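A single chain comes next, written as structure tokens; it is the form predicted on its own.
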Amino acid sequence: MISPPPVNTEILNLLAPLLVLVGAGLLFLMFGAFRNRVGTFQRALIVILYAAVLFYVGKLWNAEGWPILNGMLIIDRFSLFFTAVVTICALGSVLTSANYLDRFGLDRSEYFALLFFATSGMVVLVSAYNLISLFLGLELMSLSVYVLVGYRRRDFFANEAALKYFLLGAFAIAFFLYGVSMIYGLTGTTNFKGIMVEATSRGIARDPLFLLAVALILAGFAFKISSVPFHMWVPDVYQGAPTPITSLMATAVKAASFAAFLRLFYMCFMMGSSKWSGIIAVLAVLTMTLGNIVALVQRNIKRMMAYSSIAHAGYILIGLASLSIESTRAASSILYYLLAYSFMTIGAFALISAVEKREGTRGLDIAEYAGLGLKKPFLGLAMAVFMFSLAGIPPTAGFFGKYYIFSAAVEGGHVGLAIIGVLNSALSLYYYLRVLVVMYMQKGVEPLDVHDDLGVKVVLLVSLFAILWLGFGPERLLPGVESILEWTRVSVAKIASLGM
């Protein structure tokens, strides 16, 4: 008979961020039973609860980093780093949701309950130390997001987006589970450390069946990170989903998926990296090239951002293709890139949500942004910084993120991959700067209302500050780029030591 894992005060303390999120989700389900609409008190409580998660992350920052709950989860700097990232992204989505939900008549408690449950799934995903817990986190996150995508139940585009996301997601998770079952059959374990030990000691890391299992797991992750050829759902889902949820998918879901991807491959599959790194390199080239080329012809700004998200997944895949046991540079550059990408994408979608209208696709056509930069100088400046950062123009965090990724590729011997990445980054300048040309150099035919309430302004200000600070911020007051890079190196080094 299998005994339950021991739970004591120390374990509960390590699980505090996750327990806060799960408890908050249950609490807002209860609110929904008694009162449908969310008032000022509940909104303030949501912000406080997410702030509590960030508080516990800071409190646990120096945790030892050993597996807990019979090896199902691990709380280390890597998981805490990504817990902070997904929590910030979710909080950004909450702050941009207030006015948006009021305008669209969607202000209900279950929306925030699902948001808390989705964030809980992400925390489990980034803390997973076992293929079973990884699957549970993936499904908790996915099921919550499926519902949130279709939250505008009377909207045709939302219904189509939710159905497409669910069906293709179920198809992708089947690949993942088949790969997991093959790994278990070959190694007799689903524990990350156990898989590494068995694969190394029995010499099956380069066995065709083992590599097939790795390929199937890779296919499952490729869907979540929106990599070619599993990217087809992205533009329709991003367009149909409520814009704050689109922001969550483009940032938190992507960051959590890449985090789980990185830990699993770094700990379990690095011994066979010579066999699969080439495949990831090809996926990187196809993903960033397709994303950038198709984004060039988009007229809907959410679809443009969707293809931009695909392209950025390709840049991050360059880092994954450059992973090395000898150096943590590629892995730490991925962590930094995801942090920087999250802030610039949160900010861009916050502005988009403030402009979007309830009638059809009103406020989503790039041409409708004509003159907005002159009418709303602060919004224009914010959008300019976000677009510059996404394009990789210095001195923004986006430039440094790409620099670290590309330099890691050169260090790892993937010079051609780095050159293709630089060329793709140059190509993206066209569609990012096109938004600014419309905002500043074209006159709007019809005045466009902007709902830039306090929540949107806070998100824009924080995102602006983070993008510039992560680029060249000094260390005196807040952790600057050097401290953050050191954190990421320590986090990845810990994973490497556990995998030895």
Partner chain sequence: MITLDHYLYLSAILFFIGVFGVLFRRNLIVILMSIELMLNAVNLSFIAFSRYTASMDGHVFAFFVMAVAAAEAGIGLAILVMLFRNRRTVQADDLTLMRD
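Numbering follows the first chain given and starts at 1. As the structure is a prediction and not an experimental result, all values here were calculated from the model.
Although it is not shown, the form predicted in complex with its partner chain is what the next lines describe.
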Quiz item: All three of Arg263, Gly392 and Val410 touching its partner chain in the model of the complex at 4.5 Å, heavy atom to heavy atom?
Solution: no
Self-check item: its partner chain contact at Ser324 in the model of the complex, heavy atom, 4.5 Å
Solution: no
Exercise. Would you please decide whether Val422 lies within 4.5 angstroms of its partner chain in the model of the complex, comparing each non-hydrogen atom pair?
Key: no
Quiz item: Is there a heavy atom of Arg153 lying 4.5 Å or less from a heavy atom of its partner chain in the model of the complex?
Solution: yes
Quiz item: With the cut-off set at 4.5 Å between non-hydrogen atoms, does Gly188 touch its partner chain in the model of the complex?
Solution: yes
Practice problem: May I ask you to choose, among Asp102, Asp207, Glu160, Glu110, the residue with a heavy atom within 4.5 Å of its partner chain in the model of the complex? | Solution: Glu160
Quiz item: Taking its partner chain in the model of the complex as the reference, which of Val415, Leu374, Ala174, Ala426 has a non-hydrogen atom within 4.5 Å?
Solution: Ala174
Quiz item: For the chain seen here without its partner, which of 131-139, 335-343, 379-387, 280-288 has a heavy atom within 4.5 Å of its partner chain in the model of the complex?
Solution: 131-139
Practice problem: Would you give me the residues of 167-187 that have any heavy atom within 4.5 Å of its partner chain in the model of the complex, in order from first to last? | Solution: Leu167, Ala170, Phe171, Ala174, Phe175, Leu177, Tyr178, Val180, Ser181, Met182, Tyr184, Gly185
